[in-house]
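Only one chain is given next, in structure tokens, and it is the form predicted alone.
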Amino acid sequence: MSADIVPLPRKQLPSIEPMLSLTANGMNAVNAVILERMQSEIPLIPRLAGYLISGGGKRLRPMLTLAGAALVGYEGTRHHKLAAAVEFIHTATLLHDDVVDGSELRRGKAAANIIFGNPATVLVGDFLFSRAFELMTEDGSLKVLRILSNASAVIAEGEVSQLTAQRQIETSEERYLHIIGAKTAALFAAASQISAVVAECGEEQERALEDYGRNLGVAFQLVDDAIDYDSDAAEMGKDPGDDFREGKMTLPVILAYARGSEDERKFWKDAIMGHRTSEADLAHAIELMARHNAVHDTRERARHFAQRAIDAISIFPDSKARQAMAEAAQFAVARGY
């Protein structure tokens, strides 16, 4: 089967609206499942889970499951519970991440760990993981269970790998891409792939949706890492420079360090080791990145992966679903938050 290449326009401003419109009815069903499965006789659990889940966010991962189902013409309802499972996995990882990172903001408001404390946040994250696996087993597909459980394990490995790379100035671009392929792209890939599984598609279609999700996930994380250095708190919903202060080796830092002079490299070594964390130091870091096009080139790499995502679904006939998914990839690159 020949594939048409869908170009990635640079001039028009892409929007997430077509994806939201495509998945609106399905997301209502997914949200009903989420609300039902968040309930517990322990009042703190629905309070804390609801605090994060109701706190905004694009809900892109469950939308990928719904959009993929629309793309392949699936008309059943199995994907609603599975999309909810995807969101529970994602939310659980956010809760755990905020504890590990000591984050103070999440989507523009206080992170759950700041309000409820670290122990409760970790344990409610565990509860949401358990709910996700309940939904998977209720679906009854061993293949779906394998895909999502493997993604959960890979995400955890990616988070540990990122933790061991923290404050390691010699982290390579290759290792960084491996880390984000695990911690972010794995769930994007699984969320997309399972829609083809429930629709009983062939291997080519299943692989195409997995490739779409994986490349979109990499693009999404690359832009997230760029945003930490070129957006303000109002846009981001978190404090700018968090990655810088936490000594995270993201691609903008890796590029700026690789391209810097000896003095600049010394600055980066000190900064990543936690010795240069003031607002003035952050401003200097941003200036160095601008000097060496580090943030710009990070976004260009994101554009490359977004194009790969769009190309992956070009095996499917043109449709509103394919157009919405292509524009979602464009939006992932163009966004400032």
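Please read these numbers as outputs of a predicted model, since none were measured by experiment. Position 1 is the first residue in the sequence shown; the rest follow in order.
Absent from the display: the form predicted in complex with another copy of the chain. The rest refers to it.
- Taken together, the three residues Ile45, Leu142 and Asn150 all lie with some non-hydrogen atom within 4.5 angstroms of another copy of the chain in the model of the complex.
- The candidate stretches are 255 to 263, 209 to 217, 161 to 169, 242 to 250, and the one lying within 4.5 Å of another copy of the chain in the model of the complex by heavy atoms is 161 to 169.
- For the options Phe127, Tyr229, Tyr176, Phe267, the one in contact with another copy of the chain in the model of the complex, meaning a heavy atom within 4.5 Å, is Phe127.
- In the model of the complex, none of the heavy atoms of Gly76 sits within 4.5 Å of a heavy atom of another copy of the chain.
- Taking non-hydrogen atoms only, Glu41 approaches another copy of the chain to within 4.5 angstroms in the model of the complex.
- Proximity of Ala110 to another copy of the chain in the model of the complex: non-hydrogen atoms within 4.5 Å are absent; the residue sits far from the partner.
- Another copy of the chain in the model of the complex comes within 4.5 Å of a heavy atom belonging to His96.
- Residues of 119 to 134 that come within 4.5 Å of another copy of the chain in the model of the complex, judged by any heavy atom, are Pro119, Ala120, Val122, Leu123, Val124, Asp126, Phe127, Phe129, Ser130, Arg131, Phe133, Glu134 in sequence order.
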